[in-house]
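Only one chain is included here, represented as structure tokens and corresponding to the form predicted alone.
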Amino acid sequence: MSKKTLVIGGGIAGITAAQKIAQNGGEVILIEKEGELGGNFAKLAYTFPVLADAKMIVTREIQTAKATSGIEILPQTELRGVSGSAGDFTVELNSPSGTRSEHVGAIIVAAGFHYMEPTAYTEYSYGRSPKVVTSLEFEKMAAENRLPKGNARVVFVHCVGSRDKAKGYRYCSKICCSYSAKHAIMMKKANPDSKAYVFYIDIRALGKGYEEFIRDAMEVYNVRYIRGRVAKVIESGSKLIVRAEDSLIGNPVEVEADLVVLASAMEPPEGSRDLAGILGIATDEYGFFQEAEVNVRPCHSSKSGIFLAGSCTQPMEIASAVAMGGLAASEALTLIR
């Protein structure tokens, strides 16, 4: 039986899993298809429900992984083949330096997620107007100090691609309510003279401090929440006109905006079904990796010896991804020992 574990994905779940295994005497090969570790976490400016510096946190975790004995990090590397069974897998890895074969006892899939490109929502003018951006693009604007100045009006739109079987996905992306509140607070902190509006269907804030966080957006930072789906975003000169219905009072509403931010859905990582085919494990109807038993074995895949960690299984926040990384590491250690 091999004592090594292969971890696929260098986001926060994969980094956590690798650290836990190595800190408990195991050996890890951590592969990441991109050139750097960090995944989606590395693209954030701040966390929620505490506005902590995301770059500082993820950089610290990456540095810890790099400094931990027993972790071999292979960037720009992808899995090309798997054979064998639990305790004795042979994996084929492909990197810029060529193909490499390794024997591992366990595999942890921590492939992360992808933000949906909301191009199907042509009514929102995404892709036509540079003033309509996704939440991830807003994070980049904030990091680069490019948020609107002066008496700007910024509109945040919930559930773009989520809870919408017509153009998007039936599921809730879980974190959008909270990260839209985070973005509205970031806007107000960066520019107290700005006005922030949030269009929502309903508020889903399940997590420690999440409800309070959204309440603070409303009551401390004076972000205006309007219940109703946005019907259209229209370019009007140098401004945008956001048209919707306030479903609480049953009246149409228009808001003039300088920037519109779309909370696009969390979707499975690109190539998830191809990776599942290589591994011989199941995915759900959307392409997320399928848990063996979602309630009691959430980190077990449909194949013995292959474990799952983080948001490659379903939309989840950072804390849950970290917890799953730790759980998958524990299960992998139990197997290889």
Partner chain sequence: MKVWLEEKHSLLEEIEARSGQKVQECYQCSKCSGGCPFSRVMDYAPNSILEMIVYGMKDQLLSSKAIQMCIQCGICGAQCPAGFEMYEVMNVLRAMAKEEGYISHETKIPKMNNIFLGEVKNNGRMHEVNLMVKNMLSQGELVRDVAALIPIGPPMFLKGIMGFGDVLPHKIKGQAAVAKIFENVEKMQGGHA
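Numbering follows the first chain given and starts at 1. Since this is a predicted model, take the numbers as computed values, not measurements.
Quick note: we don't show the form predicted in complex with the partner chain, though the next part is all about it.
Asker: Looking at Ser247, Asn94, Ser129, Asn191, which has any heavy atom no more than 4.5 Å from the partner chain in the predicted complex?
Answerer: Here the answer is residue option Ser247.
Asker: Just give me the single entry in Glu123, Glu235, Glu72, Glu144 that has a non-hydrogen atom within 4.5 angstroms of the partner chain in the predicted complex.
Answerer: Exactly one residue meets the criterion: Glu123.
Asker: Which one of these stretches, 115-123, 262-270, 100-108, 206-214, sits within 4.5 Å of the partner chain in the predicted complex when only heavy atoms are counted?
Answerer: In the other structure, the partner sits against 115-123.
Asker: Could you tell me if Asp164 has a non-hydrogen atom within 4.5 Å of the partner chain in the predicted complex?
Answerer: Because a heavy atom of Asp164 falls inside 4.5 Å of the partner chain in the predicted complex, the answer is yes.
Asker: Does at least one non-hydrogen atom of Val198 fall within 4.5 angstroms of the partner chain in the predicted complex?
Answerer: Contact with the partner chain, no.
Asker: When the contact criterion is heavy atoms within 4.5 Å, does Val220 count as touching the partner chain in the predicted complex?
Answerer: Although the partner chain is absent here, Val220 would stay clear of it in the predicted complex, with no heavy atoms inside 4.5 Å.
Asker: Would Gly81 sit within 4.5 Å of the partner chain in the predicted complex, counting heavy atoms only?
Answerer: So Gly81 does not count as contacting the partner chain.
Asker: Going by the partner chain in the predicted complex, which residues of 226-255 come within 4.5 Å of it through any heavy atom?
Answerer: Stretch hits, in order: Arg227, Gly228, Arg229, Val230, Ala231, Lys232, Arg243, Ala244, Glu245, Ser247, Pro252, Glu254.
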